[in-house]
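Coming up is one lone chain in structure tokens, specifically the form predicted alone.
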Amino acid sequence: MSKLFPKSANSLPFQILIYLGLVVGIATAGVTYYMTPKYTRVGYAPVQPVPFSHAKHVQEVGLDCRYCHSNVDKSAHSNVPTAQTCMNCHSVIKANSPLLAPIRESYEKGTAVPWVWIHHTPDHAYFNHAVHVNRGVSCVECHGKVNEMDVVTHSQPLSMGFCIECHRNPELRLRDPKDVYNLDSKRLADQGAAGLKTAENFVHDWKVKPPQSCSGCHR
């Protein structure tokens, strides 16, 4: 057999193991890096049980975000509308529309509307909606121009890098608190030098100090 295989062949199994280890390592690193919200959720637009157009309800009808998401400025979590919220209007408007059958069924049975969650905070991360919106961070910063969407789409990566960028320079993202729910409003920093100065003063006066340490978001 020694005549068929040179002595160098003895190291072949070891070399194969090394190459396999390298391939597995590279594949693992690639999956770990790319399987993040930045790459896997941007563009996510699931079909909802009821075709709800934010463009119509917000732009045309003029509903405030807080009418449906009523706890967004009071709670760590932003609630989705209940059947009762929908029926406040739709018991009169389009009351018999077949598209609203899931809403009527949930209302009659007292069950939750089976909305499909689009923006989901991982279990290992902590995010408080009330803290952000009450300090001038508009919905549009994380969710995009939802007021123009017929179908809500996950438009921002919401990755750790995305959050840290805002936490390092909050004055560049803030709006006047009265404009937080006006998704067509401009950031203070985009209103010229005077606006940026106002934002900087707001950060100072309201003691806006977003955490940049691990414990700020991973509790």
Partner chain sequence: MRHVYLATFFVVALVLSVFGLRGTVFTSPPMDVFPEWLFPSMKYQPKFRPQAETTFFADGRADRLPPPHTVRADLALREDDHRYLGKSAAGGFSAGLPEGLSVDRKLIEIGRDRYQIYCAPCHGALGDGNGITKRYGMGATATYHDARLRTMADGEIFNTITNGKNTMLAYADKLVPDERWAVVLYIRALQRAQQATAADVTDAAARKTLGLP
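Positions refer to the first chain, counted from 1. Keep in mind it's a predicted model, so treat the numbers as computed, not measured.
Below, we turn to the form predicted together with the partner chain, even though it does not appear here.
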Tell me, yes or no, whether Val92 is in contact with the partner chain in the model of the complex, where a contact means a heavy atom of each within 4.5 Å.
-> yes
Non-hydrogen atom contact Ser53 with the partner chain in the model of the complex at 4.5 angstroms = no
Can you check whether His167 is within 4.5 Å of the partner chain in the model of the complex, heavy atom basis?
-> no
Contact of Gly161 with the partner chain in the model of the complex (heavy atom, 4.5 Å) = no
The unique member of Arg104, Arg135, Lys145, Lys74 whose heavy atoms fall within 4.5 Å of the partner chain in the model of the complex | Lys74
Let me know the one among Ser185, Gln156, Gln191, Thr36 whose heavy atoms come within 4.5 Å of the partner chain in the model of the complex, would you?
-> Thr36
Even though the partner chain is not shown here, does it sit in the model of the complex so that Glu60, Leu63 and Asn79 each have a heavy atom within 4.5 Å?
-> yes
Could you list the residues in 32 to 51 that come within 4.5 Å of the partner chain in the model of the complex, counting only heavy atoms and keeping sequence order?
-> Thr32, Tyr33, Tyr34, Met35, Thr36, Lys38, Tyr39, Thr40, Arg41, Val42, Gly43, Tyr44, Ala45, Pro46, Val47
Hey, the CA atoms of Ala125 and Gly25 end up closer or farther in the model of the complex than in the shown form, with the change being 3 Å or more?
-> farther
Cα separation of Tyr33 and Gly43 in the model of the complex versus here, shift of 3 Å or more = closer
